[in-house]
Each structure stands twice: as C-alpha cells, then as structure tokens.
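For reference, the chain that follows is the form predicted on its own, supplied as structure tokens.
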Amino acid sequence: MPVPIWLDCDPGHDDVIAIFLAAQRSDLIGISVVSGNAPLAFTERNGLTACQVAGLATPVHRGAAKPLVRPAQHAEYIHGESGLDGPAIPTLTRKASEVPAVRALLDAAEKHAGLWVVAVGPLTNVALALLLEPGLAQRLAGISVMGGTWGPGNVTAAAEFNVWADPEAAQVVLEAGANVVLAGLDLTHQFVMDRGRIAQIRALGTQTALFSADLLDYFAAAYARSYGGPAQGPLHDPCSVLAVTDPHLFASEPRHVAVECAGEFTRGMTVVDRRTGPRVLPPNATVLTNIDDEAAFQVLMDALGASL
C-alpha cells in the first residue's frame, strides 16, 4: 500500500514538483502551506495551482503567515515575487479548505496510522502542531524534512533557507523526539536538473511534465543568476518525498543535529555532530548523505509521465 503522507510546503518551484511526485508515489492525505519561498497568499495560490494542474482533489490548508518569533523572509531571488515565476499560471477554480493547517494535520494524524509528515518549507506549521500536541511526535511514523546543511548554506554562508527562515521552529521539530529524516543541501545538491533532464521531462508531454519543465526552465536560470555556473538547479523538495516513498535510493547516518538560533553570523546553521567516540551526542535525526541520482530521476520521470 502507498505510504500516507501529509505534505507541508511553501510553493515554490521544487515544492510543486514535490506535490506532483507525492500524488503518484504516496497516499497524499493533505497539503498545508506556510510562508517561506513567498508570502502565504502566494504559497496558498501556488499549492492550489499545483493541485489543479495535476487534477488532484487533495485539500490544501492555510498555515502560518510568519515564523514563530521573527518577521517573514522570502526567496524571491530564486522563485520570483510570486513564488512561481516563469510558467503561465492557469485561472484558479479551486479554493483552500476552511480548516486551518495545524488543526487539519492533527486530525489527519489521529485518523491515519503510519502517517508521515513531509515538510519542505520553514517548519512553522509542524512546530506549532508539535507544541499544541506533544504526543504527535510519537504518533507519526516520521517527519521527513528538507532543510539544513553540514556544509555551506544557500542563504548565508552557514545556513540553508528553510531552517534560517524559522530556526526556532526547526529547533522544536528536532527536539520533539520524532523520527526525523533530514535531507540537507549536501544531499539535495546531488539531484540536479540540467537542460538535458529538463528536455527529457518536457518530452513526456503530460500536463504535469510540461508544467514542471516550464518551472525548471525558470528555476535553473535563477540558480545561474544567483549562484553562478550553468543553468541548472538542485531539486531539493522532491528528495524528502522520495526519502519516504523510495528510501532504498538513499544512504544515511544517525546524527545529532542542533539549530543555531542566536548567532550573529550563524543563525539557522544546523550543527551536525559528525564526531565518533564517547563524546558524540545521541542521534536525534537520520541525516541523508547520498542519493542514487539516476534511479531517483527515473522515479521522477515515471511520476511525471503518469496521469491520475
């Protein structure tokens, strides 16, 4: 049976592709959106757009408009002001659920045994759910997070965007005692979409594939503008979906991960204890270290080539 997934996201180009992937590879119970790559009004619209393009009936729930204690920050340099610049956006015919994201997530965890939360934006919604109901950490099968890095960051020298945007929320999630699986930049930068792969996706010809190719054209160019190098981009968020649906694609290590919330230069840094010996801290996360890039791309192709 497909794994039941709740997808918490901040669409975002790669978030939309994560939605398409989860729709094919899992039992997608619900989608919640959070402020992150763009303001909440845009991430809500973009989540609904993804569902409409894919023909999904999955409900979309509105979550937090700002981090737990900080002002909202956005990633328009990668995703544009709308969070989904690039492709033509269809006129929306869908509306978000009236049930708030945290309430809906808690209800889903009560109703669905073995539920995984896949969290690919700032962790505000997930942290609020854990603070409201601490037993959620043990009730869930796990929380698969796209966030963090043990090497260079992508928003500062030390920090990855999702954790940097709400480090206090990331700290709550990592300290909750849940089964946390962490896909950081060291992992997601192994799963890169270049022009050749984008052309292969476009050639599939399905609605989700064509929309994804348009997304990736913009995304790849934005990465080249922002970071230099060729027009290609790492497909971050789908990695956290695949970590649940296709775990055989990954190698991993149990590690202790702490979040720096107070540092002037290191805010949002994930401090991964990579030591060995008696002084190493007890693991609180499974840190993904390697992905079978070619096999993962084939899974993505299969998903985008299918129709619901």
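Values in this document were obtained by computation on a predicted structure and should not be read as measured data. We number the residues from 1 along the sequence you see.
As for the form predicted in complex with a small molecule, it is not shown, yet the points below apply to it.
Just give me the single entry in V173, L140, L185, V102 that has a non-hydrogen atom within 4.5 angstroms of the small molecule in the predicted complex.
If I apply the 4.5 Å criterion carefully, the residue I get is L185.
Select from the listed residues N154, Q232, S82, Q207 the one whose heavy atoms reach within 4.5 Å of the small molecule in the predicted complex.
Among N154, Q232, S82, Q207, a heavy atom within 4.5 Å of the small molecule in the predicted complex occurs only for N154.
Of the listed stretches (235-243, 22-30, 272-280, 255-263), which one has a non-hydrogen atom within 4.5 Å of the small molecule in the predicted complex?
Comparing against the small molecule in the predicted complex, the contact stretch is 235-243.
With a cut-off of 4.5 Å between heavy atoms, is L215 one of the residues that contacts the small molecule in the predicted complex?
Looking in the predicted complex, residue contacts with the small molecule do not include L215, since no heavy atom lies within 4.5 Å.
Taking heavy atoms only, is V126 within 4.5 angstroms of the small molecule in the predicted complex?
Flag for V126 set to no.
If you check in the predicted complex, is N37 within 4.5 Å of the small molecule, heavy atoms only?
N37: contacts the small molecule in the predicted complex.
Test of understanding: in the predicted complex, would M146 fall inside 4.5 Å of the small molecule by heavy atoms?
Yes, M146 is a contact residue.
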